[in-house]
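Next up is one chain by itself, shown in structure tokens, the form predicted on its own.
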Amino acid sequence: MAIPAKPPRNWWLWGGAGGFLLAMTVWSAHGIGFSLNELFCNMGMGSRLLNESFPPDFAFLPRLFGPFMETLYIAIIGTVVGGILAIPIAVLAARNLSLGKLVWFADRNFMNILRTLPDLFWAMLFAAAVGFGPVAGALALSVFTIAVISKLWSESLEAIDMGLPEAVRAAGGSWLQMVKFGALPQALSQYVSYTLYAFELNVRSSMVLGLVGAGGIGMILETQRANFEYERVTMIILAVLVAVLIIEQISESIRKRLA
């Protein structure tokens, strides 16, 4: 049996695409004022920073327990509240389940607004509204979770088999019954998977939100950085890294069981 010949590679296309990307990169680097000379000249400062950051201050570790638990609380509240509120938004954003084109259009644009504004903006906004602290962080992550889950899950809902929902409607069921008994069970595993993914993101994001006064371990990280306690900064980063890796492994094992 003859081996089929490999399709010819379009080297002109690949070369053109590579050249275009290279040109865009050089153009963008020029736009931000990137300079290799300045980069190499400042590498000495970077090495000094690394020397001051090691070894980590392990004696500082016990003081991280309280702030890290606050970070975890913020992530849990943001995931639970945002995950619940994302359900109706995702359903109405699914073209095959929405109550009409107008509702679908309005809901889609609402989702776009939530995704366009970053979590740091929401943290600063809620910090100004309710004051600095973990409550502002929890509210910001709730909005962030709504944006993440509603977008991902609405696409999963659009991909379901519409046979069962149409059968519920044909049997005299209401729109709500069609969604509850015909659509949601088909995409429930994806919802759980996306919620776990959002929780992983929230643990990371809650650390960043603390930099703007939204509570959690990010606030103590910013304090140590401002005081040039870089060995403590390294300890905080390592502690959060270990915690995130543990949470990610647990979440990944749960998602595999649901797959």
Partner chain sequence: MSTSIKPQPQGRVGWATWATFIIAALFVWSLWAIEFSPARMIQVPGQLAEQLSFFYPVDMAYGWDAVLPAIVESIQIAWMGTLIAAVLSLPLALLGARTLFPRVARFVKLISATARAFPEILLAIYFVPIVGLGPFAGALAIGISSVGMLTKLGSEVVESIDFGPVEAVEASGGSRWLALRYAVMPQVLPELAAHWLFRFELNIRASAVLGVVGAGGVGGVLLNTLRYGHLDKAAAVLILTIIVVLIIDMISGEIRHRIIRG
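Residue numbers count along the first chain shown, from 1. For clarity, a rigid core is taken as the largest C-alpha set superposing within 1.5 Å between two forms. Note that the structure is a prediction, hence the values are computed from the model and not measured.
Unshown form predicted together with its partner chain; subsequent notes refer to it.
Peer 1: Each of 164, 181 and 253 near its partner chain in the model of the complex, meaning some heavy atom within 4.5 Å?
Peer 2: Checking in the model of the complex: none of 164, 181 and 253 is within 4.5 Å of its partner chain.
Peer 1: Any chance residue 63 has a heavy atom within 4.5 Å of its partner chain in the model of the complex?
Peer 2: Taking the distances in the model of the complex, the answer for residue 63 is no, it never comes within 4.5 Å of its partner chain.
Peer 1: I'd like to know whether residue 239 contacts its partner chain in the model of the complex, with contact meaning heavy atoms within 4.5 angstroms.
Peer 2: Contact check for residue 239: no, nothing within 4.5 Å of its partner chain in the model of the complex.
Peer 1: Is there a heavy atom of residue 83 lying 4.5 Å or less from a heavy atom of its partner chain in the model of the complex?
Peer 2: Although its partner chain is absent here, residue 83 would stay clear of it in the model of the complex, with no heavy atoms inside 4.5 Å.
Peer 1: Would residue 91 count as a contact of its partner chain in the model of the complex, using a 4.5 angstroms cut-off between non-hydrogen atoms?
Peer 2: Taking the distances in the model of the complex, the answer for residue 91 is no, it never comes within 4.5 Å of its partner chain.
Peer 1: 159, 102, 170, 113: which sits within 4.5 Å of its partner chain in the model of the complex by any heavy atom?
Peer 2: If I apply the 4.5 Å criterion carefully, the residue I get is 113.
Peer 1: Though its partner chain is not shown, can you say which of 106, 152, 87, 135 has a heavy atom within 4.5 Å of it in the model of the complex?
Peer 2: The residue from 106, 152, 87, 135 that makes the contact is 135.
Peer 1: Note that its partner chain is not shown here; using its position in the model of the complex, name the residues of 119 to 137 with a heavy atom within 4.5 Å of it, in sequence order.
Peer 2: Sequence-ordered list: 120, 121, 124, 125, 126, 128, 129, 130, 134, 135.
Peer 1: Under a superposition restricted to the rigid core, does residue 27 display a Cα displacement of 2 angstroms or more between this form and the one not shown?
Peer 2: The answer is yes; the displacement is at least 2 Å.
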